[in-house]
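Just the one chain here, the form predicted on its own, laid out as structure tokens.
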């Protein structure tokens, strides 16, 4: 069995320009994809855009564009910002692509064949902002709580998915950990859904025109949720002539999603897969909600942070780091925009950057830029940091990896303060040699730890100790102590993170 890792982000709705909520989920997926590649696993990393539905058609009309033109432009914004953030996705799926349309039509035919779909009249309250039917009890003062407007009463003939037939199976899979939902607080939330009334859901819409036609009734289009969820398998070629990638990478090892789409991913999606006789995903990780300076992100308030602006201000690697280290992965959190500069200066300029330049400057000054004799005084503490770092990433806890980086910097700074190399240079050359070896080797480990989070910085750090070819090896070949050899060249580091005033 080959080691594979298939990770997906939600596909992002083209009615929005990319904001830091989108960036957070995508950078997280990228960190895990890079880490698994570094372990030597065959990785497939998918992201993309969700491009159908009445909201898109309305926005396109407002902009004086066809829906397809509108989608092309907005999807392009997402692809551009992922480039700027150095996202290493293997594929980018758009729901307007032919391969996706074919796959979704195949899935719907399959669900009809097995009797999981039936036709019925539906009358209900529909929020066009959410693109979903909502119940009276979801309303606050008669309005959708998210979009602050009254839903419309819609009556139409639709096709429905027999959700009730599959709920016991889905509940059992989550309960037994066959589908693992992370973090634990969200798993409890999902288990609570099964105690509520979960109705069969509509898989088609009669009055929406911008969408994929239902293959067995072209008077209807496939409901945007069924269309969107299917991307995880249509991107791999499910239901198409070339389904090699599907056979190789499915089931997904990890779906990363936001908590607003928890029910769709943890209940509806596994139910559809079970009905179609397709394996269910192994892990679903639910990220929290962001507020900005204590307020919900909103166009009206104008507090939406564009990831492009972060890259322009700080650079790609620091933007990635700053977004990921705001709060534990999976928790809700508040971002204080003015803290970005403080954190950049403390963690990156004064932390990692200062450490690397100090150590390489001392190696240059005291040993002419050559690695002195080997020593293993820091071997044990570094092994302990690696253990926690790797356990964290194995469980998708990206904050544990960031903690490992910070601990390594703290260890090095403390070691310098304790040993005072500038004094040893006058009194004890033999001890100085050991201290500089330990610090240089520590820098090599730091460069490896930084890689999934800040790939460019990692190359620069490892270049200072002559190990810039590290990506040709697996992490297990590199993360043990003592791989710098006496006489190896150490290059003085440029300022990795110039201080920002």
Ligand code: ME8
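Computed from a prediction, not measured in an experiment: that's the story for all the values here. Positions refer to the first chain, counted from 1.
The protein also exists as the form predicted in complex with the ligand; that form is not presented, and the subsequent description refers to it.
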request  = Tell me whether 10, 231 and 289, taken together, all sit within 4.5 Å of the ligand in the model of the complex, counting heavy atoms only.
outcome  = yes
inquiry  = Partner absent here, but in the model of the complex, which of 338-346, 253-261, 176-184, 200-208 has residues with a heavy atom within 4.5 Å of the ligand?
reply    = 253-261
request  = Report yes if any heavy atom of residue 441 sits within 4.5 Å of a heavy atom of the ligand in the model of the complex; otherwise report no.
outcome  = no
ask   = Counting only non-hydrogen atoms and a 4.5 angstroms cut-off, does residue 50 reach the ligand in the model of the complex?
value = yes
message = When the contact criterion is heavy atoms within 4.5 Å, does residue 278 count as touching the ligand in the model of the complex?
response = no
inquiry  = Under a 4.5 Å heavy atom criterion, is residue 25 part of the interface with the ligand in the model of the complex?
reply    = yes
ask   = Among 367, 225, 133, 106, which has any heavy atom within 4.5 Å of the ligand in the model of the complex?
value = 225
note = Note: exactly one of 325, 127, 411, 297 sits with a heavy atom within 4.5 Å of the ligand in the model of the complex, namely 297
